[in-house]
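A single chain, nothing else alongside it, follows as structure tokens in the form predicted alone.
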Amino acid sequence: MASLAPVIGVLGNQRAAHLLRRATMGPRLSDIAIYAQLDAQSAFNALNQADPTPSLPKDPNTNSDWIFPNFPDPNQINDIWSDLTRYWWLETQRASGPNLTERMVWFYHTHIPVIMTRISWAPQFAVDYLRLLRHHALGNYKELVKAICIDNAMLVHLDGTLNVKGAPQENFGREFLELFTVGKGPEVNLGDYTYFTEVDVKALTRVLTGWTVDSSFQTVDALTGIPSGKVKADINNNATQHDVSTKQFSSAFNSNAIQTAGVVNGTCPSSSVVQELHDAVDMVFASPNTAKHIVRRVYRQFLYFDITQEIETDIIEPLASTLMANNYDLMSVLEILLQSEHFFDLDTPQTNDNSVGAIIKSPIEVVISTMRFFELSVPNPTTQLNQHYALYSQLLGQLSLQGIELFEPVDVAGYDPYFQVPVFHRYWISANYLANRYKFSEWLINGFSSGGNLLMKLDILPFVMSHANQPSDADALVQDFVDWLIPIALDNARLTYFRDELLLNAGSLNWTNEWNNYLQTNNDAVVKTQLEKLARCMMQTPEFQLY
């Protein structure tokens, strides 16, 4: 049976590598070495450390950010701001520490997405949305959801600004229930689901009436310090567009009714609208279906897409109870899950229901985790900002070629591989996407350039010199490459293929002689060519596409 019992003893290299592949934006060898010496609890404690707040993105025209009280450069067009934000986010992922922070930002973006083109007219909105996800990355999911309801980007993205009394706009209310909280459950009648009904969508929509964006950025969330939307109000701070009638919910929410406080002459204070929002969120989060839905999304992000009845009973339900008992502190769930025998594949036979090496990497993992693993340097964003952005422009193109338009999911539910039944992560693989994944390894080895300037390149020989155990021994070297790049154990036939066909050039080389010749003469022509071939081809294997 699937077990949440914690693993015992120090992790060792293999378990540490698995943990860091799943819980960070990709491990470096130095990270694996540190975590390998820790037990599971100590490893989680280290993961649960926040990254420093990253510096804000800079405009290359002015070398200043565009976050209030600064303003966007009028000489830049909206699409430029959107791309600069994407570049900044990718660099934040690359530069992040060996902890959960940026992995959780990515998880929340895939779970509560925003489509960039809908907000490109207000460049700060996208940055503030990411800042909001990062602020709550290691914190309370309920508090994040309360904040996201009135986030400027979300108010535009799902039409919250159009939702006013007398003309309700249901987009956000529906997605709030279906995607962000309780989930659908089986459909009982047309439009009515087990966990919420059309009555609930309409009632929640009326709770959410009367909000708008604050493009002056004067409304600031007291908890986060990040600008938010505001209540549409008159000069007396009375909510002018909020529906003050009673909001009656269905039996899915215990037939709860939410009433606006302080109603006078058909209106109410803005503070009542805020309180009503909090009451509605608390009501929805009191449903055990919310906890189960969120835990399922966590499971699919960190373990595997397929949730069997055994997993539902042994993993999802107890973790959902933990989540509710801890008032939706998501770290309470991850603390158990990321220490469990189930996470490390110790609760089932090695040939059955494995989670290690079971998820197909997203393009983000292919690009960012590979850069992190080889510790590739990038142009300094302080002294080489234009070159820095030139590199990330090319990397953004690589992501697109591999199947993800960053910050631009085609669906309000997010990117298909994270939720779309039954294919899930297999959406990452098509003939074109796979070919471009393979091509990325060639780009790494040949180098990314712009205007005659080399921006980034994998120089594999120094990496091998620094990290290989016995670089003169072909068998030991191939095993090092497998340990570095492949998450699963390989059989002897596969190892022999990598050694003979790739490293030894179809058996024509004596590797020890070639290596010793390099050390004596400093002529790296043969060993560098073969190491590049080995690295490139191993990054083009099916096994490398997994983590």
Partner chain sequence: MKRRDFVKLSSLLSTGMLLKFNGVPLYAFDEESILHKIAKNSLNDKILVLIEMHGGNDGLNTVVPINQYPTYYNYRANIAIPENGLRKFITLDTNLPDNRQLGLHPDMTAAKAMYDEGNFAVIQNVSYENMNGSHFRSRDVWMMGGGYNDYYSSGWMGRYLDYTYPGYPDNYPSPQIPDPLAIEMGNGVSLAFHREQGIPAGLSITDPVGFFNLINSVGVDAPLSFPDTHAGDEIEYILQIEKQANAYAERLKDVYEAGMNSNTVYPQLYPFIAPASAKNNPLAPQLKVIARLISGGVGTKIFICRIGGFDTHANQVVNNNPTMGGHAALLYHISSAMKAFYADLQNMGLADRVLSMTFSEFGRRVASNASYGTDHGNAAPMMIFGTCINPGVYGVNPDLANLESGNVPMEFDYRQVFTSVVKDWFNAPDQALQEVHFENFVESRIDYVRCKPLSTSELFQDRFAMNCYPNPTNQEIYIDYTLKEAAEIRIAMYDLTGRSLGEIDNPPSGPGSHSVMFDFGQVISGTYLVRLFANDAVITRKVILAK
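Residue numbers count along the first chain shown, from 1. Bear in mind that the values here come from a model prediction, so they are computed numbers and not experimental data.
Keep in mind that the form predicted together with the partner chain is not shown, yet the notes after this line are about it.
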>> Since the partner isn't included here, can you check whether the partner chain sits close to all of Met1, Met104 and Ala286 in the predicted bound form (heavy atom within 4.5 Å for each)?
In response: no
> Just one of Phe419, Phe374, Tyr328, Phe344 has a heavy atom within 4.5 Å of the partner chain in the predicted bound form. Which one?
Replying inline: Phe419
>> Considering non-hydrogen atoms and a 4.5 Å limit, which listed residue (Phe463, Phe302, Phe305, Phe448) is close to the partner chain in the predicted bound form?
In response: Phe305
>> Looking at heavy atoms inside 4.5 Å, which stretch does the partner chain contact in the predicted bound form, given the options 315-323, 96-104, 382-390, 163-171?
In response: 163-171
>> Check Pro269 for me: does it contact the partner chain in the predicted bound form (non-hydrogen atoms, 4.5 angstroms)?
In response: no
>> Check Gly357 for me: does it contact the partner chain in the predicted bound form (non-hydrogen atoms, 4.5 angstroms)?
In response: yes
>> Is Asp282 part of the interface with the partner chain in the predicted bound form - any heavy atom within 4.5 Å?
In response: no
>> Would you classify Asp73 as touching the partner chain in the predicted bound form, given a 4.5 Å non-hydrogen atom cut-off?
In response: no
>> Just to make sure I understand: among 431-467, which residues lie within 4.5 Å of the partner chain in the predicted bound form, judging by heavy atoms?
In response: Ala431, Asn432, Tyr433, Leu434, Ala435, Asn436, Tyr438, Lys439, Glu442
